[in-house]
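Below: one protein chain in two forms, given as structure tokens, structure 1 then structure 2.
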Structure 1
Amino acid sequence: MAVGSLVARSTAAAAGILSPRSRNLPGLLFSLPLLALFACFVVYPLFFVATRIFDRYTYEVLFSDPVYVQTIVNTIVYVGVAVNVKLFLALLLSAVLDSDGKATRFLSAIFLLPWAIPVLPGILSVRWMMSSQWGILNLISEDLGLGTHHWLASRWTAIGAIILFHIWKYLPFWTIIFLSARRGIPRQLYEAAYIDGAGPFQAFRYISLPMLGGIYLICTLLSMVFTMGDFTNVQLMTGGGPGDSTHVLATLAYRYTFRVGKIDWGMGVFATALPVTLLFIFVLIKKIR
């Protein structure tokens, strides 16, 4: 009976007989299951987080925890070094791959391999290479007379390993972005510059750099947002160790929430990173417009 009534209302609405409120009622009823799911899986979690992140005691505990302060430093170093070095190298490599030739196409295919390899096998390979017992890095170090090192047992060498893996893994992706942007620059600009006597450096400074400035800034903001939320690389490489010295915000929030059992602290860690992330997103949207 109800279905028949709804069908009759829809038919009448299509004929333009019912009022706007009556025409919207069938659509609202059919949307109720989706609205219920949205309330359960989006609205309620947001409300739950909001009730936790505004607790002043949580932040007093966090800022008195030396591990949290150390994690802030680690995150700044990780994001600052990894993003800037990666994008600068990607900009340079896009110029190399922009030239034609069989060798360049072959190198391009080889160069994309790190991006195609899943994260887990890649990190396992790096951990094996850095093993203090049979790793190839220690074999080379011994041959050079520098002795052996416990690469992942020291804070800064472990963070360096995480940064190097991040650059190795994601450098091809951003290089492809810059390469695509380079292919959009009119070739006539370079030809005119070379006729006027400009060299490669002058062509890069006065043509490539201004034309790629906008996409470089957008890539920087995007990469910062992604890297600030990076959990997989750090968790699989060091697990935050040794002694909780290599945590970033994402892994520390995981530790607080699932290992310590303090979900308030975990939400507080994410909340402290939220203003910076929202600032990056705001600037990104402004630049895209």
Structure 2
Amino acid sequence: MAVGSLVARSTAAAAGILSPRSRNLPGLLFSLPLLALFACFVVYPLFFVATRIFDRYTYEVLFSDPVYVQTIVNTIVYVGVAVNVKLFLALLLSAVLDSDGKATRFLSAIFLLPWAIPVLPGILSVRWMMSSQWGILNLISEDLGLGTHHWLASRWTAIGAIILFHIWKYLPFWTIIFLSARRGIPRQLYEAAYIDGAGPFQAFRYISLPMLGGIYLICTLLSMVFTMGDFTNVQLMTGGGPGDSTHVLATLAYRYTFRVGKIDWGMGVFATALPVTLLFIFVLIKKIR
């Protein structure tokens, strides 16, 4: 009986006869795998952090640790510079690639390679390039008469390397996003503008920019949150070195947990970043939906 009525109800639901509210049960059943994963792997860890973050001592240690303060600065520089330069370049490149020429199509196929290649081979390549003794960068720099440098052995050139790698790896993805957003702008707008005597810069200023402004903002926020949590790039490029001067949030938490052996400090690092991150996330969810 119960099964029969459930079948009848779901049949009616498929036909769209019932109200959204009475379709809740089948809807939730089909969402169950997702909800179970969310409960176990997102809510439970967050809850776990919440039970451990009210220990004042952890924060006294963190805020008096110069490495923590330096890490916050590094993270802000990394996120601020890498994301904004990358997205600005992506916006410009999407304009260059937005034509149907054969050369453009061929180039966009090559251009997407960094996105297809896993992080590790790319990092290995950059690390060996920047090797102070055997890297090709010093060979080029010497041939240009600029002398040799220890690229990955000083703080700001190492952070620069991480930023450059980030741009190399993720520029293609965001360019494709902007490209598809551009293709959504009606052609007639541009045609009308050119008939009215607008140049390419005016067309960009008065048509492309307003039409792409919303998605540009969302992409910036999204990319900032993703980059704030970056572990792999930094860990593989510098491991936080030299002298713990290039850590970002995730690598510092890893260091506290496994090198120093203080798992509470590791969680404390994320707990201090969580308010900002959650704010970003809620703004994004409001904007995207």
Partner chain sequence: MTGRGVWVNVARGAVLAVITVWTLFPIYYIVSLAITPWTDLFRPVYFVTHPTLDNFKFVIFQESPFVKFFWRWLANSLWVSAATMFAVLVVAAMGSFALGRIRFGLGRWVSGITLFTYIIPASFLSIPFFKIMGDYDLLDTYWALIFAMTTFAAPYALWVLWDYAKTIPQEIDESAAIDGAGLVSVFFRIYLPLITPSLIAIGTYAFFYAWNEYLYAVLLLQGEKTITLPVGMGNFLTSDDAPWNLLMALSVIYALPPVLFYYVFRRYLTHGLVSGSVAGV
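If you superpose the two forms and keep the largest set of C-alpha atoms that fall within 1.5 Å, you have the rigid core. On a predicted model such as this, the values are computed, not experimentally measured, just so you know. Numbering runs along the sequence of structure 1, starting at 1.
Looking at the two shown chains, say which is the form predicted alone. Structure 1.
Among Asn84, Thr227, Leu212, Ile53, which is positioned at a hinge, defined as the point where C-alphas switch from fitting one rigid part better to fitting the other better between the two structures? It is Ile53 that sits at the hinge.
Size of the rotation between the two structures [smaller rigid part against larger, C-alpha superposition, degrees]: Here the smaller part turns by 24 degrees.
Rigid core superposed, I'd like the Cα shift of Phe48 between the two structures in Å. In the core superposition between the two structures, the C-alpha of Phe48 moves 3.2 Å.
Following rigid core superposition, Cα shift of Leu29 between the two structures in Å: Its C-alpha shift, to one decimal, is 13.9 Å.
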